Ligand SMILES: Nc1ncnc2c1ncn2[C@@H]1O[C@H](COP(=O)(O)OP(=O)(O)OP(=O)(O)O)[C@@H](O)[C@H]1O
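In the form predicted on its own, a lone chain appears below as structure tokens.
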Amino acid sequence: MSTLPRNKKQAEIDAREEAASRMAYVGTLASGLAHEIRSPLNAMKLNLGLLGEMAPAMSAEKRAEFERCVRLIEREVDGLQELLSEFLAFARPPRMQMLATDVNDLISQVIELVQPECRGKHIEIVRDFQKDLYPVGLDQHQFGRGVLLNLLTNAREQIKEHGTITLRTRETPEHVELQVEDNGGGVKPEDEPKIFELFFSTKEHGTGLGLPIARRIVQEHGGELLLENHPGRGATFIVRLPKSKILEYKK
């Protein structure tokens, strides 16, 4: 008796289960690796502090070079600790706590975190929000930090100085959609297929984890994260979130 080929839906379910299994394994490895790496990093940071206390006893000529070297090493240690934290956030995220959320309010809260630096770099943040937006189920901490803050930070870094970031929200019959648009240089066409790949970065000191983390969190919310690229003019990241039947209400 011949076996009928599995339908597309079943194949997609199997693929998601396989991916989840791989990520669980990666998460277990990452936790063990993090423990092994964090201990020497913390020891290095502690000893750098002790070295810094020795600087006043040196001659002025040697002190300047010594302090420069200590700062350089300290910056690299901080970078490794940040990379480790971001990788753990990607490989082994915490359990989500879903709450009915007004996306407009959540975006406004995250804007407050980046507004001071944007003002200093003459970057304007424009809100283009649909009123009375349908509430969606979100883990507000993970989505706010891992998605919105990552996308806003990415937009700010693409612009560098003197530009505009526009945040839009829209509602469709099936989704709540939000967009983060910048008028920086956009993504190079050759980099576009790799933009969500783990550890791929176009920045000199980038970790290549921000956008993969954002996409993973969006997918865990049942949504999708897309790039609409305009090389030389800017880029728009689009998040589409499904409306939850549990959160239906009468407008």
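Note that residue numbering begins at 1 and tracks the sequence as displayed. Superpose the two forms; the largest set of C-alphas matching within 1.5 Å is the rigid core. From a predicted model like this one, the values you see are computed outputs, not experimental measurements.
Same protein, other form: the form predicted in complex with the ligand, not shown, and the subject of what follows.
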Does any part of residue 104 reach within 4.5 Å of the ligand in the model of the complex? Heavy atoms only, please. no
Can you work out whether residue 157 and the ligand are in contact in the model of the complex, taking contact to mean some heavy atom pair no more than 4.5 Å apart? yes
Can you tell me if residue 203 lies within 4.5 angstroms of the ligand in the model of the complex, counting non-hydrogen atoms only? yes
Classify residue 217 as contacting or not contacting the ligand in the model of the complex by the rule of any non-hydrogen atom within 4.5 angstroms, answering yes or no. no
Which of 40-48, 63-71, 218-226, 185-193 lines the interface with the ligand in the model of the complex (heavy atom within 4.5 Å): 185-193
Would the ligand be touched by all three of 146, 165 and 167 in the model of the complex, meaning a heavy atom each within 4.5 Å? no
Checked 217-237 against the ligand in the model of the complex; residues with a heavy atom within 4.5 Å, sequence order, are 235, 237
So with the core overlaid, does the Cα of residue 79 end up 2 Å or more away between this form and the one not shown? yes
